[in-house]
Structures are given as structure tokens and as C-alpha cells.
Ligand code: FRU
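This document starts with one chain, in the form predicted alone, laid out as C-alpha cells.
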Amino acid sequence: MKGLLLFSLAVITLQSFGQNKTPDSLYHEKYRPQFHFSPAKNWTNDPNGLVYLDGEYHLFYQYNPFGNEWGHMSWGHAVSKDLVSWKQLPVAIAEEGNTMIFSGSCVIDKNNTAGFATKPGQVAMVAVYTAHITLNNLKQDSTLQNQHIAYSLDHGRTWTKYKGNPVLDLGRKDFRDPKVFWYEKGKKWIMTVVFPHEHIVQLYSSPDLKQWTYMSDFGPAGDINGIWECSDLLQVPVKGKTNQYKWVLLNSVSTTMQYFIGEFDGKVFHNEIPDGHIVRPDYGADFYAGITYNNLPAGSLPVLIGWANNWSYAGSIPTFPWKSIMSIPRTLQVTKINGEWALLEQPVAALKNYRLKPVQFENIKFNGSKLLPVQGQQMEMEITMDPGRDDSCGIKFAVGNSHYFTIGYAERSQELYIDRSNSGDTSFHPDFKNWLKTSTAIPENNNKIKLHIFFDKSIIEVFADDGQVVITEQIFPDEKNKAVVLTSTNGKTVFDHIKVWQLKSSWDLR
């Protein structure tokens, strides 16, 4: 979490708009996504403390309780029964004095290793987070980051900061974003935490969440073109293989993310991604700081959530009274593709419960453009295309008044792309123009391209070829632009199968 690198430390005053509205009276504003999490009002960034306990998925997140800009970082809190419909709760862990609450994780201390549970039947939820401490208010860079813990004995509703904080302090200005998990084989807690500018993920172990011992470093490796943040080390099942797993190390890089796949021996992570090969959980402009859930029910696939924004323009996106949202939660598996390990992502299955009656089309071929008899800005689409030789094909959404954004496939270069240059409001920040088109290579599979698309007011997420490639982008179209158009530049593409669902609002079901 790096907001200090990009936003001022000026005191942010309480926004007057919407302060008399309850969270339940909001969620109908322009650009407000309907099946992605966003706070009722004010700024949010990194997801934090993702943990499951007794039927509730907890989402903590970087949050400014006082305004719609970055500042006063605290942990916001929401809970869900299905990872789609969320109930917002009061701020969980608040900024205090000269200490802001930066990113981190939560664990369930089932064995009471920290000793916070004092009554029979109690189980402590423990948050491990970076304390960002301002040492001198007159000097912006006079700061310290170290790792603290807090605990809750009532399912995350109230929190107590540990009196022995910090639990890990190297006396560094930049040392942040602890992700902690229980390593059953070694009967110990493992923490990953980052040296941002050195491009290093450090690994520590602890018997009790209070005393931490250094084990090893990982990095520099892969993409080192920006600072590293928000690492996450976890076991991920191999698709189609019972009781087979690989270890995945995720980390964020300034405005994007990357992952490594390999093995973890309890002390050192051994990367098996070839040198120079950079792979990403998301190739879009708007997916960052993604981490996974702890303590999921036995047999569950890992679940990843990211912050759907980009530090280059995050503070200027034209939304109010909230700013920023979370991605669709995604389940994870790994597989080998052309002899190399790859991460597969799928939208969480509970989204199917929000579908309305589908509309379906088969075997469409044409030259130029074809209007589909569906409309909306809140939909899900499955599409299988057979791209014609040298053709450029795809789908335009939010079409109207000469505006649209395009999800396309260029057959000659074998690239999937999103072009939002004509999508609507693109003038809110000068740097947005540098991110208008995103593309990534994805070869055809038996001459087919399969796309699973979610369009939710101001966010588009595309899962290609069963989650081998994912692209997440924000768009800000006029609400009146609702048409959907297919394109085939040379008329050679066959749209084998298209299925479209309008999706219900998750906010209407709280």
C-alpha cells in the first residue's frame, strides 16, 4: 500500500454530501457497480485481512473514514455470506495519533498460540498489519513502518491493539504489507513482508504471532520496473489432480501484479517460472494489491480479490460519494500450459445466483458490425469465437451516441485487447490517456477463443480461455449508452456461441 508516494498528506475534511444518508440508501449513483464491492462512501484501496469464519467472509480494506481521497488510513470492514452481497460494518481498526493502519492480513488462531482467547470456546481473529508512523509532521519523509497485531474475540466486530506492538521492527521507512498463514507441516506461522524498493519479499516464522524469526529472501525477480508491495504465498491445487498442489507467490508492482509458481520447503520459496518470463494474474490496467482468503472451509479453492484501480489516476476517477471498488472474487487453480506452470482464475460461482433469464445466439457470421438484441450495463456474457484468418473481431459494449468500448481479438497477432479510448469520460486525469488500450498475447485453442465477460456499470472483467488470461479495466460510459454490438472487420469470424444474462443487484439483497 503506497498512497503516500502519490497523494499529499494534507488533512482531508469530512465530505458533506451524503453524510445524512445511510449505506442502504446509497448504491444507485452514476457509475456505481452493482455486483462488485464498494464502500457506501469515501476512499478505499487495498483489500486487507481476507478471512473466513463461521459462515462469514470478512473483507477488510484500506479506508479513509473522513473523505473521498486517500488519507487517514484505517481498516474498513464488510461481511458476506457468498462473496457477492456485502454488508458494510463500522471501521474495524482505526488510525490513532501519528499511526495509520496500512495493509495486512487476518488469521484465525484456532490453537490460541497468541493466548488472546481467555474463555472456553473463544477463538481469536488476529490482524497483522503495517503501522505507518509519522515521526515528524514537518517532514513528509520522516516515517517508520513496522508490523503490528490486533485481535478480536467477537468475529471481527471490535478490536484490541496488542500492547506489545510492534511485533516486527527493522527500523525501516519502507517495510510493509504482511501476509500471514499457518504452515501445518511445520506447526508455525509464516509471514511474507516486502522491501518495496529493493524488490525483495522476506519470509519470517513465528510460534505465536508475537515473536518473528527471519528465514529467507525472495527476489529481485520477474518484473522489477516498479516498487514491490502486497505479497502473498499460498498453496494452490493443480487442476484435475487430486491432492496435488503448487506454491504460488503473488506480488504487486506499482500499477500491476505478477506471480511465481514453485515449491516452499518451510523456509525458502523456490521459483519454477523461467527467468525473464513475467506472468500476471491480471493483464488489465485496474487490478492491484490482490490477496487471498485465509481459513476457507476444507475443500475450497483459494479465493483472490484485488483493488480495481490504478495509482496513476486513482484519485481522480469520476465517482462520488465513493472512490474505488474491489474486483470480482476469483477462485484459483494451477495447470501446465506448453510445459510451464500457469495460474487459472474463475469468477466465484455464487455470481450465478444473480443471473436473470439468459438470451442465447448461435453461429453468427457477418461483415462489419451486428447489433445484438440485448441492452444494459449490468450483465454477464459467455462467448466462443472462431476468428477468421487475419480478421479482427470482438464485442462493443456501452454503445450509443458515437461512444463504446471494445473487447477484441486480433487474429494475426494472436492478441486479446480492451480499447476504452472512446468509452465515455476519459478526461478526468491526464495520465489516463496512457492506459486506454491494453493487450496481451493469447493463442487460439483449436481455432477458438472463449471469453467470459462481466460488465458492471464502470468495470469490465474478461476471463479468457477458462481463466488463463484475465483483464480488468474501469470505464465511465454515459448511462444511456446500453447497446451491444459484435464486430468482424473482414467478415471471416464465426461467433459460435453467445449467452447473455442480465445480473441482479447484490445491494438489493442485503
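Bear in mind the structure is a predicted one, so any value in this text is a computation, not a measurement. Throughout, we count residues from 1 along the sequence that is shown.
Beyond what is shown, the protein has a form predicted in complex with the named molecule; the following relates to that form.
- [ ] Using heavy atoms and a 4.5 Å cut-off, decide whether Ser105, Trp189 and Asp232 all contact the named molecule in the model of the complex.
- [x] Verified in the model of the complex; spot residues all out of contact, no.
Open item on the list: Looking at Asn42, Asn45, Gln474, Ser38 here, can you tell me which has any non-hydrogen atom within 4.5 angstroms of the named molecule in the model of the complex?
Closed with: Among Asn42, Asn45, Gln474, Ser38, a heavy atom within 4.5 Å of the named molecule in the model of the complex occurs only for Asn45.
Task: Sole residue of Trp341, Trp159, Phe181, Trp311 within 4.5 Å of the named molecule in the model of the complex, by heavy atom - done: Contact with the named molecule in the model of the complex is made by Trp311 alone.
Open item on the list: Can you tell me which of 239 to 247, 416 to 424, 88 to 96, 172 to 180 lies within 4.5 Å of the named molecule in the model of the complex, counting heavy atoms only?
Closed with: That would be stretch 172 to 180.
Open item on the list: Taking the named molecule as it sits in the model of the complex, is Gln62 near enough to touch it, meaning that at least one heavy atom pair lies within 4.5 angstroms?
Closed with: Although the named molecule is absent here, Gln62 would touch it in the model of the complex, with heavy atoms inside 4.5 Å.
TODO: Would you check, heavy atoms only and a 4.5 Å threshold, whether Trp70 touches the named molecule in the model of the complex?
DONE: Yes, Trp70 sits close enough to the named molecule in the model of the complex that at least one of its heavy atoms falls within 4.5 Å.
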